[in-house]
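Presented below, as structure tokens, is a lone chain in the form predicted alone.
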Amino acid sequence: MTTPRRGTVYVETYGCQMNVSDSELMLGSLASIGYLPVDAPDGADVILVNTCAIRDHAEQRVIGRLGELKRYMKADTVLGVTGCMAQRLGPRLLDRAKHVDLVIGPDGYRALPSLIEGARDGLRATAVDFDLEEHYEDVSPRRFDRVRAWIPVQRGCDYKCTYCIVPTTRGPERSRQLADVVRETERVVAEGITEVTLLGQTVNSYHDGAHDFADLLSGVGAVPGLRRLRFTSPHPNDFSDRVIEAMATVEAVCEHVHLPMQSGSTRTLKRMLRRYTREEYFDCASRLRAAIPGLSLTTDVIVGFPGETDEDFDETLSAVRELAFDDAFTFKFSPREGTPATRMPAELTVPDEIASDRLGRLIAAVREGARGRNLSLLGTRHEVLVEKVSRRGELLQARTREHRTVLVPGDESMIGAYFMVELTGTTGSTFTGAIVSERAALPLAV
């Protein structure tokens, strides 16, 4: 018996990899009951905008996009806003955008089919309650990527950093059972995917009641056919000796850690409630590098946090230079409604022009250090996985185990294959490479 077609559905995703994974869940849920996923909003029967709330700029961008989407909608198109911004604003979004039919938080996706049917009958609705048991184990995601898979292992966060909205939008931390994560990994490998990234808000604090993150790395890393295992984003406090040993000994675990620092000043870290000092962060980075030769380290940094002085910022600059990050995501502090940082004394506010100047200086320091290190890598050889056609069109985008992007010549038949390349040039952030060996694995079937 065939499933009746319910129309077309378009999902537009903003924000982190967890949102990408959630979009895959939504598409999988709707495709299983007959909806046809499409790549553009024009005339789609259902349009879902999966949102981020981590910074005000992200929310304003979505508000603008919701207005733009009106021109693509038919008279009976159902428009839904999902994800973290939906969770944060709830019914206020329905008041703000009258053409929005549904507002659904990250734990409400199971109700999507029924809510869409209700919207067809004129029922506007919100679904923003937390469900501490929800991991969508019985929902098969419809993956966007045929080379890499994002696998959530944990939802929510218990750390409650003073600037962060995530505990409000995704609720308290809870972990999937290790056996369920291993089974999902086995399924994606059977589909021809050889690289997996484990996702969690503080992924290395994973614990399912019987197994910790070290056990998870060992269990997933043992899946036959899995060649690369990554994870994001960890917290510096949760790199136990067991976890670092697993990273060093499980062959599939890649030599890259994205280790959010946020600030190089202990004073600022204390106000952020990051729960580590500058010295403890340095120690964590040192332990990781000692255990894993050739480790690539990237980070997140916020400037302009309330109370940040010139001296605090200088400590951040010195940390970036001393730790020699391979790359960094850098941001100006963005106050989020409901977070403790918004209740700090007004006199602690850093003027925007000062924050902007600090951001520019920080970006320059990151780029200067990364370019020097990248130039030193020219002529070295690395295994790469070809991911997709590059934006330039005539080249392919590939990635090393250390998460460095390399552009190589070739055609689409090479996507999903592994090659050994020699790094021949760098722009400072990406590399060009020449293939020096035959393919080390067959490309994925199209």
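Residue positions are given as counts along the sequence shown, with the first one as 1. Not measured: the values here are computed from a predicted model.
Not on display, but discussed next: the form predicted together with a small molecule.
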(request) Work out which of the listed stretches, 309-317, 368-376, 157-165, 354-362, brings a heavy atom within 4.5 angstroms of the small molecule in the predicted bound form. (result) 157-165
(message) Within 4.5 Å, heavy atoms only, which of 271, 336, 227, 176 is in contact with the small molecule in the predicted bound form?
(response) 336
(message) Only one of 201, 298, 197, 185 gets a heavy atom within 4.5 Å of the small molecule in the predicted bound form. Which one?
(response) 201
(request) Give a yes/no on whether residue 54 approaches the small molecule to within 4.5 Å in the predicted bound form, heavy atoms considered. (result) yes
(message) Please determine whether residue 221 contacts the small molecule in the predicted bound form, using a 4.5 Å cut-off between heavy atoms.
(response) no
(message) in the predicted bound form, does residue 302 come within 4.5 Å of the small molecule, counting heavy atoms only?
(response) yes
(message) Contact with the small molecule in the predicted bound form for residue 233, defined as at least one heavy atom pair within 4.5 Å: yes or no?
(response) yes
